[in-house]
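Given next, in structure tokens, is a single chain: the form predicted on its own.
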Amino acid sequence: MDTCDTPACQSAREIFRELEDYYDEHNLYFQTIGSVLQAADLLDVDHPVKLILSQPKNEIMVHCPVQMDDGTWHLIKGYRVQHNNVLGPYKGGIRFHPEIKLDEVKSLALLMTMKCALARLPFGGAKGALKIDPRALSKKEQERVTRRLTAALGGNIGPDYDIPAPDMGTNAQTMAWMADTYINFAESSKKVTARGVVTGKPLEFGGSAGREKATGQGLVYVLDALLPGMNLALPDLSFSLIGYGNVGSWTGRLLQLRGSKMKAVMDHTGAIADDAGIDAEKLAGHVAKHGGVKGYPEAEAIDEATFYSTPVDLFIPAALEQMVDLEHAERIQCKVLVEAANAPTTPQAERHLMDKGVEVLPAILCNTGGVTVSYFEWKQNRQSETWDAELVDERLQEVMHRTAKRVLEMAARLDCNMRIASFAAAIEHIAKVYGMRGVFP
């Protein structure tokens, strides 16, 4: 039975009743679309646009038979959800994770649509996943799994149609295998641009300078733009991180370079803390060698409750969705929660944090740096260009500062929080494009 009576729930419930679909307030996808539709209501967006955005255009499911090193065969489920492409080709990562579900992939695809629209990138939103634990696979098994998935997706991806990228459990090597597989199927006349089928590739194979650190770098640029308005500045601030993979470790290292202090970190292996500060570079080396923060010798091991209770200026979730629930929010002691991960905060937790006076900076603003530099890579591939790192950083900073300003202006205009303002700024752009293009046929 539905119990939520917030504007987000009410708006979403009305749309899904019209679609003859059950609205579940505890489901991640419905929570996400609820906030999107609440923002659309504040803008008085045309009803057809809200209907279109409420569901993905395409939900693709594949089952990939793959032979393991020991000779056994596994049948592995995969997804590619293409949410919306009114602004351009679908764009979004490929995640390898053993517990992935379709509604999670739908939520991430929806968020990609919003991110690209917010940053005014010429992309729509998509997301993909393979239901497998990459840590349990050898390198050769990872390669076979990746190539099989690419072949199974076939014409559902392409440099002019849908462009995957790395996500949790995948990396530049995964993208190299995907691109190589795709190129071998491409027509001879299209092989030159075919490597643009994915972004996040190794630098030697058409990747872009700055792509590995892009999400963390973009987040730092957002903080540069927004913290002064909160009477905060990066030098001498303290922070904690959930997750120390690509996004978390780069965020930690870049904030440390700016003079901030990392006091606590938690990942899937455990949690550590040091009030004097944890060296982000040394911790990155430890994680690369040992697979997690557990056992790091220069910090104290702590439990989960202590981690969430550690007082900091910035609390930065950079791991999975919904890592911050109401119980955790009640413990958190911070001035700003900065969403480096996608949808890491439940609606109940967000309401509690804001009631405590905590500013919540949403993921579709904070982690847009990754897809922005992916756009730069795609553009370089299409134009047969190579940009140096300084140019990438300069252009990324311009995009992130403009995007942050856009959100601030919308928040003032609608008198709403940053999440709703971010969605509203994205939806307004999408609605204008639908107004010009119409809905075919």
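Start at 1 and count along the sequence shown; that's the residue number. This one's a predicted model, so the numbers in the text were calculated from it and none came from an experiment.
Keep in mind that the form predicted in complex with nicotinamide-adenine-dinucleotide (NAD) is not shown, yet the notes after this line are about it.
Proximity to nicotinamide-adenine-dinucleotide (NAD) in the model of the complex, defined as a heavy atom within 4.5 Å, singles out one entry of V86, L254, L121, M168, which is M168. Comment: nicotinamide-adenine-dinucleotide (NAD) is not present in this chain, but in the model of the complex one of A340, A117, A329, A129 has a heavy atom within 4.5 Å of it, namely A340. Although the partner is absent here, H268 is a contact residue: one of its heavy atoms lies within 4.5 angstroms of nicotinamide-adenine-dinucleotide (NAD) in the model of the complex. Residue contact with nicotinamide-adenine-dinucleotide (NAD) in the model of the complex: T215 places a heavy atom within 4.5 Å of it.
At the 4.5 Å threshold, heavy atoms of M323 reach nicotinamide-adenine-dinucleotide (NAD) in the model of the complex. When contacts are judged by a 4.5 Å heavy atom cut-off, K91 does not count as touching nicotinamide-adenine-dinucleotide (NAD) in the model of the complex. When contacts are defined as a non-hydrogen atom within 4.5 Å, all of R95, I242 and N367 contact nicotinamide-adenine-dinucleotide (NAD) in the model of the complex.
Just one listed stretch, out of 245-253, 176-184, 354-362, 153-161, contacts nicotinamide-adenine-dinucleotide (NAD) in the model of the complex at the 4.5 Å heavy atom level, and that stretch is 245-253.
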